[in-house]
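Okay, so we've got the same protein chain twice, two forms, each given alone as structure tokens, structure 1 and structure 2.
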Structure 1
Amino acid sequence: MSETRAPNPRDAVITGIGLVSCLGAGLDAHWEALNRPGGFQPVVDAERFAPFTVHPMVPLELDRQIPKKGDQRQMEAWQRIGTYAAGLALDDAGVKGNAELLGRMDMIVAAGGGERDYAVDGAILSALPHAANPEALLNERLMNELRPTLFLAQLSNLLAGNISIVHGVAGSSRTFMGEEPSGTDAVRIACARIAAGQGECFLVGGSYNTERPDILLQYAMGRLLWRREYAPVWRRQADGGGLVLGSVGCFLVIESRAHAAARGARASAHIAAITSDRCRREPGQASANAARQLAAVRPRLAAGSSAVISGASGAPGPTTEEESFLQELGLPVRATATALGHSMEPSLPANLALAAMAVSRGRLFGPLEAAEAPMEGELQQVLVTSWGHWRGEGMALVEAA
């Protein structure tokens, strides 16, 4: 039997969600795609980057959220994705254009290194073998051919800067790097600051563009990518596992319950708990971290009305271990990388968005593959997991607001 607690004014509640992926832009598009009659159908591209499959970003009407063409042109795809998703979240929260509120809204962004300038990369690599003095040539090219203030990959905190410029979010700004754990910690710290009275309203999230040769090369060199015909997350494990990456942008407006109530905002969900940890990934260590995290939230879990949204990446070691861990819980599970692809930094925010969407509607979306069981009855809580493909274990509990 679960503990019941009275709402607390310092609870962290989600009042705005902006989500874009291969399934569409906005929550309604995602709900429709995840509940398609006849069963879920993945959206994948197996041709452009063969032998690797990706979940491509849906075409975005950029003018809706980034009205100035000049702003659009100076951003790379990952920044446009994130800035667009941030605008959707602000719209959903009813704060777009509210200069007073945006002026004090804090922002925490999870982002990796930016996109490379392939033309400069190629020119340098072609010239170096023939240069009499390769070091001097490299210095000359780097100084003369890169855009001001940038190195070969754009700075991660440019996403926060562009969101601030385009949408007017002008409170404090922090950018975290570190693949999946950075997304978990971005949300965790926002919730902790709200609980401690160190902030009232946050814009939190990240973006990822997987449709990039350099990104696919990076993970292919680590032998982490799935090379066979597309298969959902759990089914891949029988053939050695692997990542199918997806382009995703997700931002959440997270407020204190008191702040949301004072401005008459509707909360879609309450982040009742969130925690993160890491280990060296020796056998059983990730499961031990997850068991400790689960023990902290288990008293709140309501039997018969809870489910799991898993951030399992498909990477063979951690995914197999997480699958065994989740089977012992006896709860319905959805591995959303089957639908969105694995998206590194924004994967946890995106799964929080899907969890909030589900609890606000009172039901879990359908199974994404045969290994996942349907759920009957009302959904009140979702346990969200985030096991990084290499490091980092996170867990959050999302409840109906």
Structure 2
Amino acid sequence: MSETRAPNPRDAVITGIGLVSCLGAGLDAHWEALNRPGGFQPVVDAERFAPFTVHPMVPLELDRQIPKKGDQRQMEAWQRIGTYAAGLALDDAGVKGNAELLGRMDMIVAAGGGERDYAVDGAILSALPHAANPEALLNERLMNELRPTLFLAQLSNLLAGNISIVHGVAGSSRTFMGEEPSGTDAVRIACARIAAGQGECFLVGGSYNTERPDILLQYAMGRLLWRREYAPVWRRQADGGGLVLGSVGCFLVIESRAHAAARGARASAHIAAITSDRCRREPGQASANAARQLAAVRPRLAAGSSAVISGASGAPGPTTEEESFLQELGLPVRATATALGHSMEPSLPANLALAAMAVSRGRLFGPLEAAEAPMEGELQQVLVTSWGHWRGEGMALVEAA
């Protein structure tokens, strides 16, 4: 038996979702792609960065969320994706253009950094070996060839900055860095502040553009990229595992139940718990963290109407360990990196979005590969996991609002 708890005015509820990925823009596009008759079909590009496969961002009608061309030009793709997704979330929450509310909305963004200018880098790297004074040449070429505003398109906190400029979110603005755990901690801290009365209404999320040689270079140095023909997350493990990265933008409007009720907003889901921890990733340590996180929410968990949305990245060590951990739970599991690609900072927010979508519709979407079991009954709760490909273990419990 699960414990039932009365709704609390300090509950953190999701009232707006903006999600963009290879599957489309918005929740309906995702629901449709994840419930395709005849089984799930991944959207991948295996050509552009061969031998690596990526999940490319669906073409976005940027003008709909970033009306000024000047703003679009000032951003790199990762910022455009994020600013677009933030706009969708604000629309969904019914707060777009509500200057009073946006002016006091708190923002926490999980972000990496922006893209390099490949032409400039390539030209400099080509010239340096032939230069009499390479350091002086580096100075000269960077001074002359870097676009002055490129820095602003690269700075981690400038996704948040662009959201303030384009959408007017101006209560506060914080950026967390650090791959997957930064996305978990962004949501965790927003929820903790809501519970403690340190905030009422938050915009939380992040974005990731994987269609970038410099991002692929980072993970190629770690020998972490999957380089065979595309395979889903769990099946990949039999052949050594690896990352197939995806471009994703996801923002959530999360507010106190009291604040949502006062403005007549409809909540799609309740974030009943969210925790994060870390370890050195010696064998079993991540599972031990997850077991502690699970123990804290287990009294609340209803058997028969719950499922797992896993953030398993595909990276071999943590993915196989998480697979064993989840098998013991005996719940239906969906590893969404199979569908969206793994997206680092926004991966947990995106999985919260998918979980909120599923519980609000009362049904889990179909299996993404043969190893995943179908779920027929009503869905009321989703456990969301986020084990970083390197570090960090997060878990959230999402319930119908």
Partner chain sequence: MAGSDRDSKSRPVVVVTGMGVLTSLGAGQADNWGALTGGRSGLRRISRFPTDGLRTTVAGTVDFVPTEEATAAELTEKLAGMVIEEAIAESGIGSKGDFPGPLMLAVPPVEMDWPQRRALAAASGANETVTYEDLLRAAESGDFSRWYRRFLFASVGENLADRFGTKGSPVATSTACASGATAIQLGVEAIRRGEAEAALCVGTDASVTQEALIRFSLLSALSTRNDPPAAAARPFSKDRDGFVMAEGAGALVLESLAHARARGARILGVVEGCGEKADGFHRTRSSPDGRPIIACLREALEDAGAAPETVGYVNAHGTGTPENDKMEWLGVSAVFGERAGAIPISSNKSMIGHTLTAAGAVEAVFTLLAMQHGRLPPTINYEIPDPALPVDCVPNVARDAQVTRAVSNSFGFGGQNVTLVLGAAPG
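Rigid core here is just the name for the largest C-alpha set that superposes within 1.5 Å across the two forms. As the structure is a computational prediction, the values presented were derived from the model and not from experiment. Residue 1 is the first residue of structure 1, and the numbers go on in sequence order from there.
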Structure that is the form predicted alone (1 or 2) | 1
Any chance the CA of Glu140 moves 2 angstroms or more between structures 1 and 2, core superposed?
-> yes
